[in-house]
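Okay, so we've got the same protein chain twice, two forms, each given alone as structure tokens, structure 1 and structure 2.
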Structure 1
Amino acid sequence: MIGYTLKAEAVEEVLSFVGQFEDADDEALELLLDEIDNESYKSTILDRESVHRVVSLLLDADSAVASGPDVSNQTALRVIDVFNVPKFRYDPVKKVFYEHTGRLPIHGEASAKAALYRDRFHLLLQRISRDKHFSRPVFDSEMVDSQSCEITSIQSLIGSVGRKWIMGVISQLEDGHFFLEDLTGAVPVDLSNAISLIEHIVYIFHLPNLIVFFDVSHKITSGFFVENTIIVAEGELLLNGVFQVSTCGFPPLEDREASLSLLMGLDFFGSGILTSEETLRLSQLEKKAVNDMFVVLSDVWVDNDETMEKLATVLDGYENVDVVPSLFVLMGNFCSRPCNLSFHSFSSLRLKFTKLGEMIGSHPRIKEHSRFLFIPGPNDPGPSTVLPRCALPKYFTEELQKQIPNAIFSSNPCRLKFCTQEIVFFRNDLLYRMRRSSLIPPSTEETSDPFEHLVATITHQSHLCPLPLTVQPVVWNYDHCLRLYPNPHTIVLGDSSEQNSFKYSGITCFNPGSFSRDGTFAAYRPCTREVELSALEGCEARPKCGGGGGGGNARAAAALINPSPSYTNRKSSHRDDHRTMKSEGYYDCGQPTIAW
């Protein structure tokens, strides 16, 4: 550790760590120094916080390995509040990411809004620039322009000949007028004359001195094309000033390992950088954690008696199993009515959370061995409805926290690291809003399942909520908290729509469904990344919204059941290989169409 200066409190942190290994203090000190050398610090003067971060990683890894495979490892599980995730920006000149070191106020300046779109575009542009199908071979000097899939800037369209590929964001710079925009210019478009046919879709975009003829008879990829999404389009500018587009879709995905290989030393997920030794040890632990299971429930209305009875049934069922789940994830909304300015029952809602703590406390095995993660919903109490949302206010949760010390209250979205596995939780009625905001009907060639279209949209956009800011406001300076880059292992989309599970290009995505309405939830096994879509029997009818509600038959008629293997396989495994092939894509620059 040559060149570093430790403050007094940092030295105390080092001594405290070494003191925990009396028989191997020299090895512990050497390991700590090696890990500090591997870290990237902005200053050569280290304080207590800098050393404590490395110490925490080493202690967590040591505790994880020391635990037996039959014991649930809570130390291997780490919850990350997205407001603590570092922000990285891409430098297109140096072609590297750099960490933003300045202050990030909640109320950003006007320039922060422009930076939001620029950062999104840069992220996908640097990703697609490494794709072999969209980059010109370095040594192929004889390649003609018609054979190249290289991305052309919108500014270079006028005056160009031959077929071109462009990438831009669909934006509405003026009321009622849409544009296709990149970093060099914007192309105004008009969708009012769009004609939609079953086998032939034509869109005519009117431009000043230029008419863009959008012929989508060849290919449209899966996903929702909404304002703010970034698309890749292929077309040709004809001699009469018509730009004819034959193919359009989202930028292709990049393999997670390929992304990580270019981001060595950068903590995009916010869980800290692991050394190769720690990664190896935690991956071995992850394979042995066959008994770990996460139970995910969405729409847990604590003010609804019938919902609480159904939750008690679930807790009773898991209390009596051989190994209780290591984590319960309870996602909002936690109230059956929106907690807006017209809501005046905050004290009553506080009491409902207290009763929830008493219910959990009445199950001693779950209380002792399980952890509880609470993620707020879009209609829960909070400062506003913008994303990301902060954790539930302590006014509602402080009594529950006293009864359940293992309870964790985090942001929405929320990130979770289990050993080496990265999991993202997001609670929002995203599917309904995506379908409402879609500019063109989604393609049914690959799938007609709306949930699969939703998964394709957010993964290819590398963003959890690519909706217009007028539909879903986002804190400008914290838009990076919604990124999905590099691709996480699992994405949990808490949505009020029907529960669903889908594996897309190696990414496990599932929606546990609405627990209060349908009695549905999901069980996730991180060891195998399998999703078990579950439900309570006798919960076909949806409960009435409101604070009371009788529904006394929930406990008597409902019984905890696991999904049939055929149902799980149909949702998760059956189409995995097919969809992976499609998402990777096959690009033939000599043909007018493209397969995604």
Structure 2
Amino acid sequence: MIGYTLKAEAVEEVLSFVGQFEDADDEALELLLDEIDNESYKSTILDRESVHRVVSLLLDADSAVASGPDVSNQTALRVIDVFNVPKFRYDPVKKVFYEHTGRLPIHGEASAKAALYRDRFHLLLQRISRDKHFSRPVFDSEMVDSQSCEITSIQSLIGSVGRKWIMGVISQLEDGHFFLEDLTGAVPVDLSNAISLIEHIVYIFHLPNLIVFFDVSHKITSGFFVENTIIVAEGELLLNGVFQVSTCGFPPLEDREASLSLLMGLDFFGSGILTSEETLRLSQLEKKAVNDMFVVLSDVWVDNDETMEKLATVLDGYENVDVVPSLFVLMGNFCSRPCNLSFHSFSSLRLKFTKLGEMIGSHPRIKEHSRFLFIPGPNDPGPSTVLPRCALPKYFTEELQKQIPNAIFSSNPCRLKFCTQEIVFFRNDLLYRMRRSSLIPPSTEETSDPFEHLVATITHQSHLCPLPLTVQPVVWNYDHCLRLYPNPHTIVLGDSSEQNSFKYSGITCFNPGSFSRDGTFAAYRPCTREVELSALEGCEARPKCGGGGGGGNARAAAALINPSPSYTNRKSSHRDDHRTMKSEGYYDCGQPTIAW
């Protein structure tokens, strides 16, 4: 590296260049430095001329690429069928992720099922090891014992005394008896004694960095405590071999940037690795894409006349706007009746898909400029009900594909990369199923909105569907397709429950609601990551359950931090990034905070 000396005007030139890339100024500076290195200068003193030359070179290159709308469109929006996502496994010895190359059969061997659970566990264990409250202290000091909550393996609990922290999968290994299971073993647990909030305030004075919040009536943290979720618990091993839990909750979240810095060069999302130049160009594109909009509809019953009329209304509406949406996402179920023994008119369903293609085709601007993404629902016809679910069979979609070349048929879940933004789509009636499978009613301390509990659960578990495998079977070798690691920017959960949206710890999450039942859908602006929950006029909104604000944008706004009375010391800001509590409390995740 040569050291450069800059003249005053040169500094201004550099600043004006870097200032054009607000969020990516580091990358812009690096790029500039690379280019300057490439040029050969007589001396190391740079004046305005030389910098200006390099800057205009870069900007020209940038605009030349960006000017072609089709090219930029194509590279900007990438749909990733989840079966194509590379599989990464964690090596606990080398402490790195490595890519699994080689065959991944749908019908795996018995070892694949254990590997599924172990991989899920490793993912969260390596994440928690970086959390400052659970990591092993590097230097010995008197403060260590009182502050560190190092995770103990269950095997080493035997013969140990005193309070220990363990991390394990909630398992019902015997009927009615719950265990926590980790990589080394299992221990029966007793959750009935988790301490109350009042008592814990005394406790926290000994641990100034650990602030614990509990719901007094339920003594647990937010989220759905479902069998097979991974929790962290503090307690003591009793003489009868039972681990008595005093406090427990989900493993703390990790910032997307922190995860990415560890995974440098590994394509966890499946969209390919971008060079720094491409990243820069795409982030520019993303910021300029103010008019880009994705319209998301879930439960589009093509065999129901009313639904098709509603859909026609929506398409008519968007056909006539100035800039048509760049993407329409149509999620299942596409049939009003589930694909079971009583349903046998597949040929008529195929005709309905063709009619849908005709309907889309009758809107020329949309047909020309918008992409259509079809994601199958849980009850749509197909080879299996196991997740991940493959795209709709060609039997239904052949005709539509011919009519609408811009149509893409993808898996459920499905990933989308828009410039540098990572969006995950998942169609499953998760809310209802999580509530049913929850072992304890969710805590009402921070929120009573079940959707928010759901978002908290899937983000902390880094998994789209942490239900027991007996409730929702998963293809053993393809569990990595359901991962949410590193945290994506946006998660779209198609659910038959009422439409909702929630921003949690920098992740935007929304449910467009059931289009066929409620006439609701959602419009998403990727540039600003804004969600507009919409409904067709004349459609009856279902009575709202629990807390939360009113419909439409009000709900999205209300979902931003509302400081709750317990956070008197913390200032919350109504920004995307809900980082609060920098120095106090180890849960830096936004509110409603699962702080504990």
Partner chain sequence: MRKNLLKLVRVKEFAPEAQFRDPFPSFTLPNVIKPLRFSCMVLCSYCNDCRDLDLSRDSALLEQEWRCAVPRCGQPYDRGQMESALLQIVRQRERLYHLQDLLCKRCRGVKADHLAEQCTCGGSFGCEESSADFLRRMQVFLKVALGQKFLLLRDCVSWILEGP
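Throughout, rigid core stands for the largest set of C-alpha atoms superposing within 1.5 Å between the two forms. Because the structure is predicted, anything quoted here is derived from the model rather than measured. Structure 1 provides the reference sequence; residues are numbered from 1 along it.
K.L.:
Pick one: which structure is the form predicted in complex with its partner chain?
P.N.:
Structure 2.
K.L.:
Quick one: once the rigid core is lined up, does Val51 have its C-alpha move by 2 Å or more between structure 1 and structure 2?
P.N.:
Where the cores coincide, Val51 still shows a C-alpha shift between structure 1 and structure 2 that is 2 Å or more.
K.L.:
Is Leu32 one of the residues whose Cα moves 2 Å or more between structure 1 and structure 2, with the core superposed?
P.N.:
Yes: Leu32 shifts by at least 2 Å between structure 1 and structure 2.
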